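We begin with a single chain expressed as structure tokens, specifically the form predicted on its own.
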């Protein structure tokens, strides 16, 4: 999603940004396409050129996040299951999530909508695939939990850290460091054993 910043002037991107802001402020159900158009100072017809429904806007946001996830999954599938590969998966995924914080806030605050739009299932499937890239199926349960938690921490950390003082990029790096520590602890022969 690194291209999102380069596309800030792009009308499609502006629509997505304004819609997410309004969904966060008012809720998905209470936001209309008319309000989105008004906030953009465009006609509803101009908005329709890009998106026919609110659902189309949300689906486009998930597709924008899914693209780098799918590329990462394809990249990792051809690599050996080493600690180096696993840490690179976390680094690249953290980068993909950098601009997705508003989307995760939307997901957190509109869980029923996400389920109803069926995007939740495809997102869940991607996350299960990502977890599979990090954990070994025959590893001890504690080490499997470390790998699952590493991925979850990248998501929930963004949401939980929004009220913590500090630079957003420094907070992202801190969350990544914690995720890397978890995968490293689960991977090596020095990993704590019961």
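Take the two forms, find the largest set of C-alpha atoms that superpose within 1.5 Å, and that set is the rigid core. These numbers come from a predicted model, not from an experiment. Numbering follows the first chain given and starts at 1.
Keep in mind that the form predicted together with the DNA is missing from the display, and what follows is about it.
Between the options 39, 50, 126, 155, the residue in contact with the DNA in the model of the complex by a heavy atom within 4.5 angstroms is 50.
Distance criterion of 4.5 Å from any heavy atom to the DNA in the model of the complex singles out 33 from the list 59, 33, 133, 148. Using a 4.5 Å cutoff between non-hydrogen atoms, residue 45 counts as a contact of the DNA in the model of the complex.
Using a 4.5 angstroms limit between non-hydrogen atoms, residue 25 is distant from the DNA in the model of the complex. Only one of 135-143, 159-167, 50-58, 65-73 places residue heavy atoms within 4.5 angstroms of the DNA in the model of the complex, namely 50-58. Once both forms are overlaid on the rigid core, the distance between the two CA positions of residue 26 between the shown form and the other one is 2 angstroms or more. Core-superposed comparison between the shown form and the other one: the Cα of residue 53 travels 2 Å or more. Residue 113 shows a C-alpha shift of 2 Å or greater between the shown form and the other one [criterion: core-superposed Cα displacement of 2 Å]. CA of residue 23 to CA of residue 69: closer by 3 Å or more in the model of the complex than in the shown form. Between this form and the other one, the CA-CA gap for residue 26 and residue 152 narrows by 3 Å or more, being smaller in the model of the complex.
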